[in-house]
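To begin, one chain is listed below as structure tokens, in the form predicted on its own.
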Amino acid sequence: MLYLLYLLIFGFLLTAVIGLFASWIDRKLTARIQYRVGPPLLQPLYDILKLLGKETLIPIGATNLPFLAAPLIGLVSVMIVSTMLWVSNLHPQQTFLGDVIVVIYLLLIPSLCIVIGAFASGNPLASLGASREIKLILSYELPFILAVLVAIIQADFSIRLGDILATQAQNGIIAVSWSGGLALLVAVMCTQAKLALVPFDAPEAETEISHGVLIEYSGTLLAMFQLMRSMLLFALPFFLIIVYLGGISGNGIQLVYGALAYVGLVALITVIRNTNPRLKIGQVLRFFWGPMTFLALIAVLLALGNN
């Protein structure tokens, strides 16, 4: 019962609220960069509610079960990973062996659900977007795992989030070291790709393939995908804060520090999105398999040298 409450309250409700707020920050900052006013605070919520009231259409030729199940599975996976992150942050001693691996795996599922839903729709533009999404996943997962490995090494090769947090509580945050700083840089770029934001938004490129992977989704199903994306905008930066910045404490100045760290990461993601052109999928592959993987390997070697 306790874990069910954590799943509903922390994993869904609180994550959704913060994720929608982060979505508003993203849209508001984007508007300011473009000298516009931007949306009201509750606009992301209004958009979800509006979609929930729309009719859900299933395209002719779609494979119904995967098409309908994909957004639900993706949303549930984000709820579970967010619950794990909240529990790890609030009760580091209650984490379990290998939870870092589980979190990395769960953070991959939303992208895979988008791929499955796009292929199941039967739309050629969606299929093209899905193929790009697959290439995107293949490009960023290696440097992302290497970046997380740096934190594991600094925590004496522990694959428990609680041990990573305990190490930072004792020795200072990982991001201030050379290896941790490089790893955080790589992880931020991988987060940008996991969110499929510019310059890594090739799977949805509106001007090329008209929303690509989500072109056939409408109504409640599209609302679930949109909510999943907003919740990821919380879960992914939260994971980086736990792994590299010592987590978020509920005590006074530490809570302010955690909130500022989160808002700072969201603002950085937004600035990157608004100051870079979209990359072709081949350029994305070269970027992550080249400079990002190289920087991640350097970070791993530095961490091993200092361990």
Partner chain sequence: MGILDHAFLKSLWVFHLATGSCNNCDIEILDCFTPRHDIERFGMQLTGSIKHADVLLVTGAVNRQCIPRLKRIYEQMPNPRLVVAIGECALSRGVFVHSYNCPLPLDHVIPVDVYIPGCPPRPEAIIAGLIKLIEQKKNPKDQPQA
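Numbering follows the first chain given and starts at 1. Remember, predicted model here, so these are calculated numbers, not experimental data.
The same protein also exists as the form predicted together with the partner chain; that form is not shown, yet it is the one meant from here on.
Visitor: The chain here is shown without the partner chain. Which stretch in 264-272, 251-259, 238-246, 35-43 comes within 4.5 angstroms of it in the predicted bound form, by heavy atom distance?
Guide: That would be 35-43.
Visitor: Which listed residue (T167, S131, S158, S218) meets the criterion of a heavy atom within 4.5 Å of the partner chain in the predicted bound form?
Guide: Exactly one residue meets the criterion: S218.
Visitor: Which residue, L149, L107, L197, L214, is the contact with the partner chain in the predicted bound form, using a 4.5 Å heavy atom cutoff?
Guide: Looking at the other structure, the residue within range turns out to be L214.
Visitor: Heavy atom to heavy atom, is V103 within 4.5 Å of the partner chain in the predicted bound form?
Guide: No, V103 sits far enough from the partner chain in the predicted bound form that none of its heavy atoms falls within 4.5 Å.
Visitor: Would L65 sit within 4.5 Å of the partner chain in the predicted bound form, counting heavy atoms only?
Guide: Close contact is absent here: in the predicted bound form, L65 is far from the partner chain, nothing within 4.5 Å, heavy atoms only.
Visitor: Check whether G61 has any heavy atom within 4.5 Å of a heavy atom of the partner chain in the predicted bound form, and answer yes or no.
Guide: Flag for G61 set to no.
Visitor: Quick one: does L222 come within 4.5 Å of the partner chain in the predicted bound form, counting heavy atoms only?
Guide: Close contact exists here: in the predicted bound form, L222 approaches the partner chain to within 4.5 Å, heavy atoms only.
Visitor: Heavy atom within 4.5 Å of the partner chain in the predicted bound form: which residues of 100-126 qualify?
Guide: The stretch 100-126, when checked against the partner chain in the predicted bound form, contributes no residue at the 4.5 Å heavy-atom cut-off.
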